[in-house]
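Same chain, two versions here, written out as structure tokens and called structure 1 and structure 2.
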Structure 1
Amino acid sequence: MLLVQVVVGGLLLGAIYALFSSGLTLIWGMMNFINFAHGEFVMLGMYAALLVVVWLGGGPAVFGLAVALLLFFLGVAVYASLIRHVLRGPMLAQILSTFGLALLLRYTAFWIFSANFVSLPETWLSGSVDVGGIWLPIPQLIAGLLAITLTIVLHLLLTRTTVGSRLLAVSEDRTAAMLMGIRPDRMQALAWGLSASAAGIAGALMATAYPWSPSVGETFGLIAFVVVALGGFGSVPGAMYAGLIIGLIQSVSAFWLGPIYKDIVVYALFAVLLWLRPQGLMGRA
């Protein structure tokens, strides 16, 4: 029964991995652009949730909406002020721009919040619940289920709506999309807003269950790249499946081998899988 609880906990954690990684894969699939600051967007979502709770006394519903809106506008602002100016430039300029943005956001957070670990005050999500004989922490349960739901909603937005069709049209052929009356800059700004919003919501969900510090963005950024590469660059369903797999592997390996070995197992299996299937689970060769 304990192993089943570990498995369920790993899947719930993997669902959050899938949510913030889906934003990264959206940017790659649409622009072939690598955002090295994606982990810092997750970190900002955690601190934004903390500030809403401390300053406004808002619960999870309040800080979830606030984080989604705040990170959406931040993503749009980052695109307008930085990304669109380097998008047509050399790859090195693209890499250094988001790497520099990551450092700026990280050390600004150090300056404002210090390097100490913090956690959210208790909310109505605190406690555990018995699900079929398995005791699960309510924060992880709600966060995991909500993360899966939001990832599916993002996929449906891209594949079943007019806005999604325009986003995909720009990703396929920018020039042809312009001839059809679509404004690529507007669609790409929207993509950055959605990407940052997904990362921020995932961070807020993680904040309900785990303590963090400004350096947590490094860890989440690395996990996001592993999830996106494993699932297939540009595939939101691939990111969802890969996130669940990595969360499961981390939890089970930590249970059997010890917490210090969980990342070793993940990255070793990741390297083997990419050697066998370089395009990832659902990517195109």
Structure 2
Amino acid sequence: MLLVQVVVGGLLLGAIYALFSSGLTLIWGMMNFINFAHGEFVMLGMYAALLVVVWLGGGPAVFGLAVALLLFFLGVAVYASLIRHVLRGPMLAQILSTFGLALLLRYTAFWIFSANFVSLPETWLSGSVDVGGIWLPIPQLIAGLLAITLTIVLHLLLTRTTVGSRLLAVSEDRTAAMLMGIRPDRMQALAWGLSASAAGIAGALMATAYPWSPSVGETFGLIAFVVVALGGFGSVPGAMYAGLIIGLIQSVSAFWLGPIYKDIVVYALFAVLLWLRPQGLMGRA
């Protein structure tokens, strides 16, 4: 029974991994660009949720929406002021731009919020529920279910709507899309907004269930890499399955080997994956 509990907990955590990783994979698939600051967006989402709750009050619905909006504009702003300019530059500039941004955000957060772990004040969500003999904390349950729903919504948005078709058109062939009257710049800005927003909401959801400090951005950024590498670059469904798998692996390895090994196992998996199947589970070679 304990193992079932561990498995369910891992899947719920994995659902959140799936949400923020789908944001990373969206950017990668669309413009062949890796955002090294993605984990920091998750971290900012967590602190934004905390600030909204402490300053403005309001429940999870309020701070969830607020964080989604805030991070959306942050994503667009980062694209417009930085990414747009380095996209056609050398590889060094592309990698350095978000890498430097990650450092800037991480250590500014350390400076403002200190390195101490914080958690959200209790909300009406707190408590546990008995599901068929296993006790599940309600925040984790709701966060996990919402995260998986939002990941599916993002996938549907990309595949079933006009905006989604436009986004995909730009990623397929920028010039052809321009000839069809699509403005690639706007679509890419939108993608950055969506990507940051997904990271931010994932952070806010996670904040309801787990304590955190500014250093989580680094961990989540690496986890997002592993998830995207496992799921295949550019594939949102791939990120979803891979997110759930990674959450599960972490949870089970923490249970069997001890908590300190949960990250080691995941990074080791990444190294093995690069050797055996670099294109990921669902990616194209």
Partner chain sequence: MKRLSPTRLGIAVFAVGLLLYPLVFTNPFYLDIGVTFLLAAISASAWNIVGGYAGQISVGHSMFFGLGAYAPLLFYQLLGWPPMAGIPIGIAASVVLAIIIGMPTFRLTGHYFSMATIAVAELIRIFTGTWDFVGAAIGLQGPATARGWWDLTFRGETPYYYIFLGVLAALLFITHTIERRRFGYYLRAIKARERAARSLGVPVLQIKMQALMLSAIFTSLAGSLYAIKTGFIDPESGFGILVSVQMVIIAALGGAGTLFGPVFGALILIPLQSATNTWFGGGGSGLTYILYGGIIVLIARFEPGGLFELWHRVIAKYRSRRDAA
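Here, a residue number simply tells you its place in the sequence of structure 1, counted from 1. Treat the numbers as computed from the prediction; the structure is a model and nothing was measured. Only the largest set of C-alpha atoms that superpose within 1.5 Å between the two forms is called the rigid core.
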Legend entry - Structure, 1 versus 2, that is the form predicted alone: 1
Inset, instruction - Align on the rigid core first; then say whether the Cα of Leu11 has moved by at least 2 Å between the two structures. - result: no
Legend entry - Distance moved by the Val266 C-alpha between the two structures (core-aligned, Å): 2.6
